[in-house]
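Subsequent text provides structure tokens for two forms of one protein chain, presented individually as structure 1 and structure 2.
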Structure 1
Amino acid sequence: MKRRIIFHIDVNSAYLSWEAAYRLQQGESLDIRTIPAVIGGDPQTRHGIVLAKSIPTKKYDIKTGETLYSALSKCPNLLIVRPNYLLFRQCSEALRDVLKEYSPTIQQFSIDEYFLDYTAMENLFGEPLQAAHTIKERVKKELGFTVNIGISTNKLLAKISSDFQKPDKVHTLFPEEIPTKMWPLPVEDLFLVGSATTRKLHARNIHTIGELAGTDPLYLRSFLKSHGLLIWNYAHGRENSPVRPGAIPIKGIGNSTTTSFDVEDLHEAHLVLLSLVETMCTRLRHKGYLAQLVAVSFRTNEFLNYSHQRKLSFSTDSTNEIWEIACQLLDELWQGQPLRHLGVRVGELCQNDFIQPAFFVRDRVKERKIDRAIDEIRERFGAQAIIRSSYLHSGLKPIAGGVITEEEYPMMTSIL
């Protein structure tokens, strides 16, 4: 079989680049990529963190994932911009539209990463390196942000090489280049080697990807289980999953929040849950799913995590019903520790293609109508247009979590 050619396209400092491109396009003269600037933070949450940073933040030693408080202490005149997820989605889609011109087989891996199968496309757009440069320059010129492109024969190697040197670069990591380009890298640069695995490998004196590749896979399996065999194969560059075009169906939907104060009161905890369930269920209904599993989780002020879930004998997308179950689960789990983080999640999703009212134990038909009416009002007039009266004097936010605010953003018409 002819060897495949896979591209991995990765937007450099995506959130910051996109915000910068947007501001320039709106007529601002300052490019926030050229000053110390970060994207991140939500005034409502207790500790916002750095989601993306400009290159000039490097000399202040600001790291992604660091708290804004810490970043500000290192650089007092740091510009902090809240993430604008609607903009990010638009930019991601604009990138996808460019990539689609170079291959019908592209896969979105995250909001700022795509795989593209370039196999057999040489006749149309030239050698892989040439095509990658064409794509990179087009994105820069037409969309206003830079990308890194990694080229190899599978997704794993393409992804690792897109990470080599940034920004605005094209790299290759073909199998024959593995010993020189990949094996000297620290083992934590390998995909799916996170902090826990790194710790275990370091404890056994395995520090580079090359050393991992040279380790007996059965020994790796003895302390990493099947994950050990997986990363051993990765260390040899072996991976052969296809670039899957089209949307991958989601398995679950969740919503969680770090509270701005310790929650110690049951009624308060229930209200926080409701605010999370409200947005989660709106998303659930918007996607046309019913859920058969409800889970709650929390984190105590001592940073201990707990979770509790229940499989239902029926499927539902009702805000009230899921809230009631979530409250039951919380009550069963919680022993009164002060809470600083609460989450709710639904899973076991099925498509809401047919409704069978006869199966409904309670008056779900009416509840569905109410839920949908509320969704519609919020869609037309904003999330705060209709809120539960229980929030009026509670001091809590009635709608919590990662809602994409459907505010009117001036379209980036000229570049998107």
Structure 2
Amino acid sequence: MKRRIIFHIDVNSAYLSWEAAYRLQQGESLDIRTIPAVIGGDPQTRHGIVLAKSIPTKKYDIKTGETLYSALSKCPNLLIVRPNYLLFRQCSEALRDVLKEYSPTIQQFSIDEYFLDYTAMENLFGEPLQAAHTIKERVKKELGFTVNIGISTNKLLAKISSDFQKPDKVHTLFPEEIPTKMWPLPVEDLFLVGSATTRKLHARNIHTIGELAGTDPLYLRSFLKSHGLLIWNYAHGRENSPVRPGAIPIKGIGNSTTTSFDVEDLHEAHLVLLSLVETMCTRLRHKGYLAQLVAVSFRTNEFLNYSHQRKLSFSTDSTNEIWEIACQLLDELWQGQPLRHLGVRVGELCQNDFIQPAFFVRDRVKERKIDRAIDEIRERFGAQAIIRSSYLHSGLKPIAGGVITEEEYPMMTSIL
């Protein structure tokens, strides 16, 4: 039986690399990957968090996930770039199109990660290392950004190996290489070993993956339950899930923003929600889903968090309809406290092959045509090409926040 060969392709500093490549293609001379730069939040108000960072930010100990305020305190000259999710999606799809030329079986693991089943493809594209280097160089030359590629016999080991040394590298981690390449690594580098598990393992003098592999699995089970057996198997490189073609099923899409001022007026709060729903519903329609649940959340200026949701008796992808429901939820929940952060989310998604027309209240077919016409204009000419008149002279952004999906930040168990 032919040996199974799996590639894990991971874009280096994806959001920042994609933005840098785009700017260079537009004629800019400065490559923002070569200076302290981050993607995230609002460059003007300096609110938000770091989503991606350039290699030079390591000098300042800037971390992904920290606030822009904190990052700027470490590096006052830090370049902050607003995330462009439309561009990111296009770059991810361009990468997918390249990978599809090398295997009929690829699986999107996140917006910047793919698995590729290279089993029995050697006669077409050469040995695995040769093919991986070919892919890597093609991506760099044709798309303008770099990737790391890990190669092994399963998804777990391929993913671990792609993270060995960055950027622009190809690594292998075959089962026979586990003792020398994986076991010396810190235990927290093992897939699914989070901070809480790490603390428990360290407290029992288990600090490396090799020490975890050498521990009695029944002992691990005594304080980590079934998760202990799972990571013990992972420490031995045991994982056999197939590469599933297509993207990870999306369970929900959300969007949120931190405002630069306290929102105290109901009309303003509704407009902020609309600016979030605009972007979120564009993504919902692009993915071909309808939503059956709407949720809103907000944080007050005293950092108190509240949320409220509603299950719908119908499915919809209409911007206006979802916004109206979000406003109703906000009205029911909000007691007038000054707000600094608002969010909206849709869930319980289903395919939009069929939509129930409205007989008495609203013409959903007409609304869908309008939404799609707006989507096409923004796709061709930019998100600000068409905006609602309610934002004129309002001081508010007609398109706000970013889009977070379970495709882009998947549950870690999705590798199984």
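Given the structure is predicted, the values throughout are model-derived calculations rather than measurements. The term rigid core refers to the most C-alpha atoms you can superpose between the two forms while keeping them within 1.5 Å. Quick note, the numbers are simply positions in structure 1, starting from 1.
Visitor: Which of the two structures shown, 1 or 2, corresponds to the form predicted on its own?
Guide: Pick structure 2; the other is not the form predicted on its own.
Visitor: Would you say residue 315 moves between structure 1 and structure 2, meaning its CA shifts by 2 Å or more once the core is fitted?
Guide: Yes, its C-alpha moves 2 Å or more.
Visitor: Would you say residue 164 moves its Cα by 2 Å or more between structure 1 and structure 2, aligning on the core?
Guide: After core superposition, the C-alpha of residue 164 moves less than 2 Å between structure 1 and structure 2.
Visitor: With both forms fitted on the core, give yes or no for whether the Cα of residue 192 moves by 2 angstroms or more between structure 1 and structure 2.
Guide: Residue 192: C-alpha displaced by less than 2 Å between structure 1 and structure 2.
Visitor: Where the core is superposed, what shift in Å does the CA of residue 288 undergo between structure 1 and structure 2?
Guide: Its C-alpha position differs by 6.7 Å.
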